[in-house]
Ligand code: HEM
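Shown below, as structure tokens, is a lone chain in the form predicted on its own; questions about how it binds or moves come after it.
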Amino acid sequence: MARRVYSEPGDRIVSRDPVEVKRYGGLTRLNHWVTAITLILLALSGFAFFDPSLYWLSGLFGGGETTRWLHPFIGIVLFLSFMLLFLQLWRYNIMRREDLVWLSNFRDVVSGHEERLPELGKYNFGQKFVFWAMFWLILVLIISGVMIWYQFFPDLVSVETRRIALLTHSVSAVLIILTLILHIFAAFWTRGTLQAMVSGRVTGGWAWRHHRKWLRELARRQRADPAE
């Protein structure tokens, strides 16, 4: 049976006094922020067509016609950006037994008693949930988006199918925005998380408290290969 790996090749303990740990490389961070920015732009431009009272948001993109033209292309950028992120991170977001134990004791997470929880790899259940929710919702959005992209694919599907695709696209958009809000809230709730996606590094104390199994693996790996 293959040993589970919780850390990426670029993860490492950078310094030991004080302990500082490299959590994300430059490409991953750039990838993350491109995905986040395009998702926000899609939300704003999509809301402009969601309800007449929100049409004024189209002014942020140069008017209704420009917004309608631009929205699907931003969607393609989002899809490509997230898929690149997915290829880098999917294996570290596979659900494990400890994630379910973490979820069943979520009250301890909220109350700050994480010492009662099982040791975790690089990501906890909440982070994995957001990752997989984003993956499936973006997949649904790109497929349904192509189906309703009348300017380029007018005869791809029937009118009835296009109506179903439009409803699916709208519901998925609302769900992914809620997922994004959850992700942002969690990033601010857990101090140090945002720093990891800005600088790429976290303190040893943060890693020990929230992702102890990941930190232990890095320490073992660097003891085995001191040159790393």
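Predicted, not measured: the structure shown is a model, and the values here were computed from it. Residue positions are given as counts along the sequence shown, with the first one as 1.
Separately, the form predicted in complex with the ligand exists; it is not shown, and the next lines address it.
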item: Triple contact flag Val19, Arg201 and Leu218 to the ligand in the predicted complex, non-hydrogen atom at 4.5 angstroms; value: no
item: Heavy atom within 4.5 Å of the ligand in the predicted complex - the one residue of Leu117, Ile148, Ile142, Met134 that qualifies; value: Met134
item: In the predicted complex, the one of Leu60, Leu194, Leu167, Leu27 near the ligand [non-hydrogen atom within 4.5 angstroms]; value: Leu194
item: Touches the ligand in the predicted complex: Arg68 (any heavy atom, 4.5 Å); value: no
item: Distance check, Ser45 to the ligand in the predicted complex, heavy atom within 4.5 Å; value: no
item: The ligand contact at Trp102 in the predicted complex, heavy atom, 4.5 Å; value: no
item: Contact label in the predicted complex: Phe188 to the ligand, heavy atom within 4.5 Å; value: yes
item: Which of 102 to 110, 86 to 94, 68 to 76, 149 to 157 sits within 4.5 Å of the ligand in the predicted complex, heavy atom basis; value: 86 to 94
item: Heavy atom contacts to the ligand in the predicted complex at 4.5 Å, residues of 23 to 52 in sequence order; value: Arg23, Tyr24, His32, Trp33, Thr35, Ala36, Leu39, Ile40
